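Here we start with a single chain on its own, the form predicted on its own, put down as structure tokens.
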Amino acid sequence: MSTSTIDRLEGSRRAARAAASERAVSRAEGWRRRGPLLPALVFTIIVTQLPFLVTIWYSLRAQNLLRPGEDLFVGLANYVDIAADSTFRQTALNSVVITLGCVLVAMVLGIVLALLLDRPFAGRGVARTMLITPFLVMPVASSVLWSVALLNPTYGLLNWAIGLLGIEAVDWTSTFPVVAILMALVWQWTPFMMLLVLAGLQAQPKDVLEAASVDGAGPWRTFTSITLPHLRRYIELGVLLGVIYVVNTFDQIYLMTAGGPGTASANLPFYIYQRAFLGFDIGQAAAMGVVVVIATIIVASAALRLIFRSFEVKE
């Protein structure tokens, strides 16, 4: 073997050892950075994933607290029963209607209010504070406020207002239960959407707006061609967060309509509550919970992928 070949082999060995050493240092550095986060990761797994695994285990069993001696393993029978449960399908539809209705209406109102607050005027700080207030009210308090003070068929403010127009009083929570719930939810979530959109408006480059004005673009053309595309990320983020939180709505339904009349205004969390704590059917309730979690993860993952893709686009 020639001297040059030996030198090349020795150089390759040194390069391999150096690369291995760099990988070891990089791995050690990575663990050094991740180390402080491990307790939080372990805590998150304990309080989220372990209960979910227990829920899956319960969903595979026919367990009713009223019949403790009949705890049997039934496999996927609970999931098959869910597919044939017309009430589950109705409450799932109610969940979609309430969630999308609240998020979309709140987002439209949030955009309008953000556009108004983005303009300087006297008392803008006070107006902004007043508009944020509904989001700071506890859901239980807002539910009582809407059902008693605003929507009461006898002395509610809304019936008083429509009475001035000659319209008869309406029992909103009984006649239009979903509409009543949407009123309370939209009132609560509009400030959140407004803040997100307002942050996007204030982050918009002013020189672009000035250039559009110099080029002769009117307010509507500037909004549709420049401002609205700029706000896309903020709108998508607001819709995603709104869907994740509103789909779990329980307080307003429980306190305003109790899911009635019948199940006309019940959503999935409320129906699961009824099956678990009123019917004591732990197996069925656990199976419904698993289905809701999986559906929420799928929707959230798709929405997050869409949002991340929009952030990767270079402006």
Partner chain sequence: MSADTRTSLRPARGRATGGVLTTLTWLLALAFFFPVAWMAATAFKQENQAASDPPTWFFSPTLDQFRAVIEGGSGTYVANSAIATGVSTLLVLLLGVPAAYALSIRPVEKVSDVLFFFISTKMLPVVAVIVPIYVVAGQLKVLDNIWTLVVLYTAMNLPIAVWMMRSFFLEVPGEVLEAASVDGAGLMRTMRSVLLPMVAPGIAATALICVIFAWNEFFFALNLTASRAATVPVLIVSTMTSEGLFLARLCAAALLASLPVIIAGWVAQKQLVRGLSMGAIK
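Numbering follows the first chain given and starts at 1. Note that the structure is predicted; figures quoted are calculated from it, not measured.
Not on display, but discussed next: the form predicted together with the partner chain.
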**Asked** Do all of A122, A199 and A300 end up near the partner chain in the predicted complex, with near meaning a heavy atom within 4.5 Å?
**Response** yes
Within 4.5 Å of the partner chain in the predicted complex, heavy atom basis, the matching stretch of 171-179, 96-104, 135-143, 83-91 is 135-143
Exactly one of V208, A127, V108, I162 comes within 4.5 Å of the partner chain in the predicted complex through a heavy atom, and that residue is A127
Report task. Answer yes if any heavy atom of S147 is within 4.5 Å of a heavy atom of the partner chain in the predicted complex; otherwise answer no. Result -> yes
Can you work out whether G262 and the partner chain are in contact in the predicted complex, taking contact to mean some heavy atom pair no more than 4.5 Å apart?
no
Does at least one non-hydrogen atom of N64 fall within 4.5 angstroms of the partner chain in the predicted complex?
no
| query | So in the predicted complex, does N78 come within 4.5 Å of the partner chain, heavy atom to heavy atom? | reply | no
Residues in 255-286 that come within 4.5 Å of the partner chain in the predicted complex by at least one heavy atom, in order, are L255, P269, I272, Y273, A276, F277, I282, A285
